[in-house]
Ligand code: ADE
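Just one chain is shown here, as structure tokens, and it is the form predicted on its own.
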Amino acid sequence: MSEPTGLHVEIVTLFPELFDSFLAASLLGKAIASGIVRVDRTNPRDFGLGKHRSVDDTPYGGGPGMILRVEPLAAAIDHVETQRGRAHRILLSPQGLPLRQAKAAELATRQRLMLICGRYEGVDERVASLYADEILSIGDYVLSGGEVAAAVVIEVVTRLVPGVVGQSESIEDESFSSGRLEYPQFTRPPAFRGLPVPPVLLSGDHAEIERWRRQEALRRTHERRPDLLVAHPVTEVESRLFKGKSVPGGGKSG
């Protein structure tokens, strides 16, 4: 398979088969088929120790569960980069920095990413110290392994690669792209079980539709994710949209 024109993702995982249907479906599957995105999987068990290809052991100091050993993971990473070149290495862990849209946009500009998936009770800390360029988390909860987290990273990042999503405007308007949740969306029928589509969306007045969408994006952000308004305060343009009414998260507009 030739190198992609967009992004090459390497996954280091004990369960490469978990990605089969995910990588074959929808926009990502099309992007892989067209060569915009390439994804390769490497199993550390192929570099396991002894005749049983062991990849884990009990933790020093005691404790429950098993810890992934550093040697098989290191050998897998070294093998990948010897074969295909250095990648930006990401260890997936609930102890990492949270994945945000801005980080996804940054990662989408890179040519090669490596996603290192943990399993069991964790990964030997020397994997993070010696190999990880950064550690990312997809949320404040614990998974059985890093494979689901890797799928999330791939989904979030690859759709920002040019050519993966057909209309760039659809990406620009999405939640978190501008520090706001996306406005409500409607399609046919114009009414369903007593709930009509907002009349402004049927008016054909594009200026009023744009005003309504920005108002609703701000209102929804205030109701559901007020923390975003702290990081991205209400702008003067947004204040003017409310014409003297109370601005969600921003007091009265002028």
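Start at 1 with the first residue shown and count on from there. No experiment lies behind these values; they were computed from the predicted model shown.
Not pictured, yet referred to below: the form predicted together with ligand ADE.
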property	result
Ligand ADE: the contacting residue among 77, 107, 115, 149 in the model of the complex [heavy atom, 4.5 Å]	149
Partner-proximal stretch of 178-186, 156-164, 129-137, 67-75 relative to ligand ADE in the model of the complex, 4.5 angstroms, heavy atom	129-137
Ligand ADE contact in the model of the complex: residue 87, any heavy atom under 4.5 Å	no
Heavy atom of residue 145 within 4.5 Å of ligand ADE in the model of the complex	yes
Exercise: residue 94 in contact with ligand ADE in the model of the complex, heavy atom 4.5 Å	yes
Residues from 206-242 in contact with ligand ADE (non-hydrogen atom within 4.5 Å) in the model of the complex	none
